[in-house]
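Heads up, the chain below is alone and in the form predicted on its own; it's given as structure tokens.
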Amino acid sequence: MQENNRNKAFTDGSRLITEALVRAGADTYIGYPITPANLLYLYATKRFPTMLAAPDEITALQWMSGFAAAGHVPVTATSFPGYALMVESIGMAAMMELPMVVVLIQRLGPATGTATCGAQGDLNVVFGTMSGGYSIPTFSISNYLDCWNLAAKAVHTAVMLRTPVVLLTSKDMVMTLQSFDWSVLPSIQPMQVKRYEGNETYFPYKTDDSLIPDFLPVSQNKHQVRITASTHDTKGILQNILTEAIENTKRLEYKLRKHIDSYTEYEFDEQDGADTLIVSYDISSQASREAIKQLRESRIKVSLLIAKTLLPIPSIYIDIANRYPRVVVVEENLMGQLRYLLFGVAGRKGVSGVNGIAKMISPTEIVEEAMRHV
């Protein structure tokens, strides 16, 4: 027993996320303290090579863009009120194709809501961040192992695709202390920003079949570098609605779609003969796992899909859901935001939700909904 306990720690999700971000290659943290993101801010002061305290969230994202343009991989953490202030700068960074990670820790809203109460209310906010409906790769943490793995995946994806990435989680995941066996954590390799190494004139937004342009920091002196958030051509020159510039803007979405298989993460616990599928993400995934266990102990066949890559919506989720006549989407918000993104306003026959606010969803609620039409 002593040997088994040697690898256990009493820790929270914030510590695991912070450590994984650094190991994956993030080297700069810029933040403004806001509940419930305060622990990441605290741990960043101890762990990141560079940590800056910004006077507000707008400044934090502007500074992050500057660091990213100079070749760094910056991170911040916030909750909805702070994210709302960051929206314009996130769009700017996406248009400039600058890698960065925003850890968005959900709390009860609307507006400032209740800072110390968890929720899952921000998925639609992230979905609608970009003007024109362009996507931001978004991951969602469902347990402590995800705190480690998905934090690293967020950094790697931001660097690989040259884009801002959102890591979506909740107050209960990042602030709750629990015993955790850290020996199960895999090693994380840092990812370096791919840099242009040619001698010819550098075009900052010229790409090959990958649709991802090579990067050069503004701090080097060999080539001229133009980085702009306005509609631009491959040279980085403002071109308004000319064909080359519009094709370059469309490429921002196409590159994410082209590589989506490389950053699609999900958990699918399939049971043969099941005609009911439980779908969940974030903190409600834990209650969903327990509900699956209880249902199967009662000889009710049921499958479970935990969505970990939320945006862009991977087509595999739709393919899986279409195999089941009954789908129950579990999420801690009033309107069913993931259910809406998966099935639209009209919904789909056989689809229902388990929803709530101001309290965590219980396994019992999920079991009752799953058995309603058995």
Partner chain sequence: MSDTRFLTNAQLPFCKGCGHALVAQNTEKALQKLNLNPLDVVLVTDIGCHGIVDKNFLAHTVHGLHGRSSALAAGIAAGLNNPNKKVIVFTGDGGATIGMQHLIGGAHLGFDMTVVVHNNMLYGMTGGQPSEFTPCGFKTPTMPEGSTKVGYDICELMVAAGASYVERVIGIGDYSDSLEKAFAAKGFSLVEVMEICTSYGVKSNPGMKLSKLVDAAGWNVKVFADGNGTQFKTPVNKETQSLISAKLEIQPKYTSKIKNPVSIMLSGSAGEGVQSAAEYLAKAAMLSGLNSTKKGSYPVTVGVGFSASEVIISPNPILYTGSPVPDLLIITSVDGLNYARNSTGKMKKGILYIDDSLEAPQTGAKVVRVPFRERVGARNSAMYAVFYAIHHEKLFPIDAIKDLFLSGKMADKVNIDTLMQF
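Computed from a prediction, not measured in an experiment: that's the story for all the values here. Positions refer to the first chain, counted from 1.
What comes next is about the form predicted together with the partner chain, which is not displayed.
Contact annotation for Glu270: none of its heavy atoms lies within 4.5 Å of the partner chain in the model of the complex. When the partner chain is considered in the model of the complex, Tyr83 lies well away from it, no heavy atom lying within 4.5 Å. Using a 4.5 angstroms threshold between heavy atoms, Ser315 stays clear of the partner chain in the model of the complex. Proximity of Gln286 to the partner chain in the model of the complex falls within the 4.5 Å heavy atom cutoff. The candidate spot formed by Lys8, Thr176 and Gln220 is fully in contact with the partner chain in the model of the complex: every one of the three has a heavy atom within 4.5 Å. The partner is absent here, but in the model of the complex a heavy atom of Glu290, alone among Asp275, Glu253, Glu290, Glu247, sits within 4.5 Å of the partner chain. Among the residues Ile300, Ala115, Leu145, Leu242, the one placing a heavy atom within 4.5 Å of the partner chain in the model of the complex is Ala115. Heavy atoms within 4.5 Å of the partner chain in the model of the complex belong, among the stretches 257-265, 300-308, 191-199, 83-91, to residues of 83-91. Residues are counted as partner-facing when one of their heavy atoms sits within 4.5 Å of the partner chain in the model of the complex; in 226-257 these are Arg226, Ile227, Thr228, Ala229, Ser230, Ile237, Leu238, in sequence order.
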